[in-house]
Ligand SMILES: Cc1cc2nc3c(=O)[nH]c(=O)nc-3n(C[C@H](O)[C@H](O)[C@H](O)COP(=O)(O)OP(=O)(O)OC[C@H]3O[C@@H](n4cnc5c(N)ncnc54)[C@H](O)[C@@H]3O)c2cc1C
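Next up: just one chain, as structure tokens, the form predicted on its own.
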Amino acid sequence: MLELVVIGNGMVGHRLVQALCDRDSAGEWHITVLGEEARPAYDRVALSSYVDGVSAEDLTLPSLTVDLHLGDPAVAVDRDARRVTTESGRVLPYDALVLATGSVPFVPPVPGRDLPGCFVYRTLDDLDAIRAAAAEAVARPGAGRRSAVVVGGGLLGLEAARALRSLGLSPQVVEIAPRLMPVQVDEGGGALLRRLVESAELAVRCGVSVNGIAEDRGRLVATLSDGVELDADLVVFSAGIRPADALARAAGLPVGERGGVLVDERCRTSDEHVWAIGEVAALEGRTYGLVAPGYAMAEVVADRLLGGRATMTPEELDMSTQLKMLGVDVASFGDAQATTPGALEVVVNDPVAGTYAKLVVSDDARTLLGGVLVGDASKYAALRPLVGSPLPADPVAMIAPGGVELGADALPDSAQICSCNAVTKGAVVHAIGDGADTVPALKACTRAGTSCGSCVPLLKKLLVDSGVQVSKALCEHFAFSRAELFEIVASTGIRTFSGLVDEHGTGRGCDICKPAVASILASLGTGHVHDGEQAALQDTNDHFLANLQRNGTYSVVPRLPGGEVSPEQLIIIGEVARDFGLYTKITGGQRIDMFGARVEQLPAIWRRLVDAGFESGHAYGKSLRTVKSCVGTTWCRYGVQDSVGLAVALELRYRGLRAPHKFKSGVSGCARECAEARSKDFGIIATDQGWNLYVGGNGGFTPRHAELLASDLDTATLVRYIDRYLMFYIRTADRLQRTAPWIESLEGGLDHLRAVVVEDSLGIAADLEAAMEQHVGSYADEWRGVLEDEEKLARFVSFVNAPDTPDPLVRTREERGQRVPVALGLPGVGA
């Protein structure tokens, strides 16, 4: 029997051993694996889920029948004698040696990088240390939220920032490149990514580096190249990786200019008995920091060790990436940077909707070469397998809103669904035909979706196309849809996220389920949104009860029911705006928006407004925004009903009502429709006999006119129907689903909705009305709730250790007589 020694017990080394064991039916090889870590091999791609509560055991890869030596790394390779010596003194002879030593984190050589509180983000042990330090910082007495600095704005850096945020810290990402994820996304995608990330309570500073780290009164201060000093409780380095090639260098194996053991198309080094795979291998002089190329290398070596002829080239390696962080979707695939000679770029950029999509096609516009998706990566699963294939449709239509919807049927059987495990569409379809009728079943029999998981949506599509009903689980922490989760909360009386996840979920939650559960709890009237642990569930705007704007300031919008405002109220708003230097603007929803408030100013601004009788306008939450109105019979010669009076009553009735998505209304006093009621989630248009009720309209990304639900209603019946409609929507819609797609999703559509709301076909009308009455009776102004609670007030500071100090980076200039933000310039980056 031949002796194989594998140095490295990471995902790639594990894949090699697994592939060899699967194929070596003759028992040709005896395998010994040396691991530096004391843990068995685990899923490092899912490393961040460990912070969310996934256990180390859950991440552990399947055990294999090999001689496994953990915590005993190799320290020397004698190529002449073909022997490996380990740290413990063990000497292992080999016929073949595979280097799968991976990489080590790159830590810039800045002063203070070794101080207590500085970490890298690479292993489970690293995360244990970060979690302990974060818990200690959060528990430390003092006002405000604790903070962290993440050095590196690449894929892993953003993952680290997300993890730190889930641990209760406010992370700031420092990236030396001019944009986030510079390897994966282009300039346009990077600009949008930054804006979306910043809107999710993550501060980003691109184009600067960290010059040094110092201790300061029990905390750390990171000094940046532009002179800015960032206070932090933790500093996490995630600035890249370097091949762990020290052992190979010592053994005299040639390495690339930027490190990594040089290998040929067989993944063999200059020594015919030594192979290298994964992040330590340099194929044609280049190393690859993703798992998919490492897996491909492992498959090649396994084949070669058994006498096969497998080879690989850099062009065959899949460098696709998909990331969801703080609710932001990012994906890149193929030649995302358009480096292919003659490549053409097709871009659809919608900064209003927060989406950026680019396809890179060949010079004849016939072949898809790659692409970038930011903000909405739902098409990633369908687009990535098409790389290298003829375009099935016009490239603009493939990424434009409302364009061609690429189904799984657009893919040939040879298309690779799972690039991590080289699983084709044909293999998945064959598995479904053999009875694999769930995603877990497909994972088990094909391996598709078992690594990075980015292909799981496409697996679901293939299941649906095959007539299989697919789970609507909210996320990996809850095996229920939002509607099911709502009913669980409503029926069980559970009123905390921790109680809900303990009883009906797993782990510690994520950026999907936490705000969704927060919305459900708020819909059920569980008190102020900042009460207890609810505060930690909220997204940025709900966290500060104001809209976060592009320069880090907030906008304040007092409620003006129906758009009605008195001269005295106008004066108060004007005085507040003047005294705090706020920019004012009339919104499309008949409100007055005051921009430019710093976080520490918010309570003082609210105090003035609340004392004058104003309350939170809920311009920030997934809740009722406005009920717009015309002047109706009060002033208009054509008005037939009191549209202003009804709009005021409806806005006061539904104020503060949390829903799966924001929703708006309008009331028009006649058929001339001056309030544009048919573009609202529910709109009312006066008739000679009463009111017509329209539902399911919206503006935004995909404008849609509302449809008539009931006509000529008296006011009491109208309100009763709206109560039922809104509560039915809140209880049954999916997360972030607006009313228009919700109605479309109902079996029977508008007819079914009309049967439920008007005819009470489900027998739940009384329950829906009672739920609305409970909301109306329990409403309380959220701004006032903060002002009356010192603990809640403590969060409104820019700096934990200097609560009265404003953020010096917030700057304004004058434009048309008002203050507007100054876009911060990007400093130069040193060589």
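Treat the numbers as computed from the prediction; the structure is a model and nothing was measured. Residues carry their position along the shown sequence, with the first being 1.
Form predicted in complex with the named molecule: not shown, discussed below.
Place the named molecule on the shown form using its pose in the model of the complex and a superposition of the nearby C-alphas, then give a one-word verdict, open or blocked, with blocked set at 3+ atoms within 2.4 Å of backbone or C-beta. Open.
Which of M772, L787, A765, L47 has a heavy atom within 4.5 Å of the named molecule in the model of the complex? Looking at M772, L787, A765, L47 one by one, just L47 meets the 4.5 Å heavy-atom criterion.
Looking at G117, G256, G507, G289 here, can you tell me which has any non-hydrogen atom within 4.5 angstroms of the named molecule in the model of the complex? Answer to the contact question: G289.
Interface segment, criterion being heavy atoms within 4.5 Å of the named molecule in the model of the complex, picked from 192-200, 277-285, 593-601, 359-367: Contact-bearing stretch, as computed: 277-285.
Could you confirm whether S103 comes within 4.5 Å of the named molecule in the model of the complex, counting heavy atoms only? Looking in the model of the complex, residue contacts with the named molecule include S103, since a heavy atom lies within 4.5 Å.
Does F486 reach the named molecule in the model of the complex, with heavy atoms at most 4.5 Å apart? Residue-level check for F486: no, no contact with the named molecule.
Evaluate A74 for contact with the named molecule in the model of the complex, applying a 4.5 angstroms cut-off between non-hydrogen atoms, and reply yes or no. A74: contacts the named molecule in the model of the complex.
Is there any non-hydrogen atom of E36 lying within 4.5 Å of the named molecule in the model of the complex? Yes - in the model of the complex, heavy atoms of E36 and the named molecule come within 4.5 Å of each other.
Would you mind checking 103-125 for residues with a heavy atom within 4.5 Å of the named molecule in the model of the complex? Result: S103, Y121, R122.
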